[in-house]
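The chain below stands alone and is given in structure tokens; this is the form predicted on its own.
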């Protein structure tokens, strides 16, 4: 049973927090759901009308697909579940056009959304550099997908590690500071005549401090029931905390579906 969540760092792009009293299989399921199960919008189909650049159509289409489109995901249907029967419509597809002529660098913001206020194209992502008189004219369609289908639909990345816990036998400890000096990440410090771990995020449990202690007075271990969980946003359609919540909702839906099939 999850007892406590403590936020360590938070921004629009990442979130680091402590999960206390949680089983590893649950944490790993949440991690995998964030990476593979949360839907985003990405360009899937591209129609080229003109491409006199030095790069083949397929490579340009791949670059377009990797642009992290910002969208109101809840307002789109999956194409294979849409009423249009997979043909493509406003309910499941966002449409774009691009027309450019060199010499210039073509950026993501040159890709124009066709009459759709549900989608924003991020700026300043380079797509291709066109030479003199080279032209690129195309139309593109974006649909919902998941990270397990292709990396271009990946909403975020997630990872976790054991919470580092340090124990000192002060009957043996001489406060020689060897452990502080040998720590490669400098996460230990001397405070009130005690060795303390000042940065649990940066500690990677390498045990260099433990090996450096001549009196064998220091012990560093990871707590398997207390985890430091990190989420980084790839697609800004979501905030990092929304990715965590969405992943939990997806796991709950899968569990309920499995229950129905079993009973």
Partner chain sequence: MIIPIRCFSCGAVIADKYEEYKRRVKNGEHPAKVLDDLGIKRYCCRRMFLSQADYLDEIIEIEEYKGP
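Positions refer to the first chain, counted from 1. All figures in this text were calculated on a predicted structure; none of them were measured in a lab.
The following text describes the form predicted together with its partner chain, which does not appear among the structures shown.
Name the single residue among 217, 195, 67, 200 that comes within 4.5 Å of its partner chain in the model of the complex, judging by heavy atoms. Result of the distance check: 67.
Which one of 55, 47, 205, 26 is close to its partner chain in the model of the complex, taking close to mean a heavy atom within 4.5 Å? Result of the distance check: 55.
4.5 angstroms heavy atom contact with its partner chain in the model of the complex for residue 213: Contact with its partner chain, no.
In the model of the complex, does residue 127 have a heavy atom within 4.5 Å of its partner chain? Contact with its partner chain, yes.
So, in the model of the complex, is residue 107 in contact with its partner chain at a 4.5 angstroms heavy atom limit? So residue 107 counts as contacting its partner chain.
Taking its partner chain as it sits in the model of the complex, is residue 114 in contact with it (heavy atom to heavy atom, 4.5 Å or less)? Contact with its partner chain, no.
Contact segment among 86 to 94, 70 to 78, 146 to 154, 175 to 183, judged by heavy atoms lying within 4.5 Å of its partner chain in the model of the complex: Selected stretch: 146 to 154.
Interface residues of 230 to 263 toward its partner chain, as seen in the model of the complex [heavy atoms, 4.5 Å]: Contacts from 230 to 263: 232, 234.
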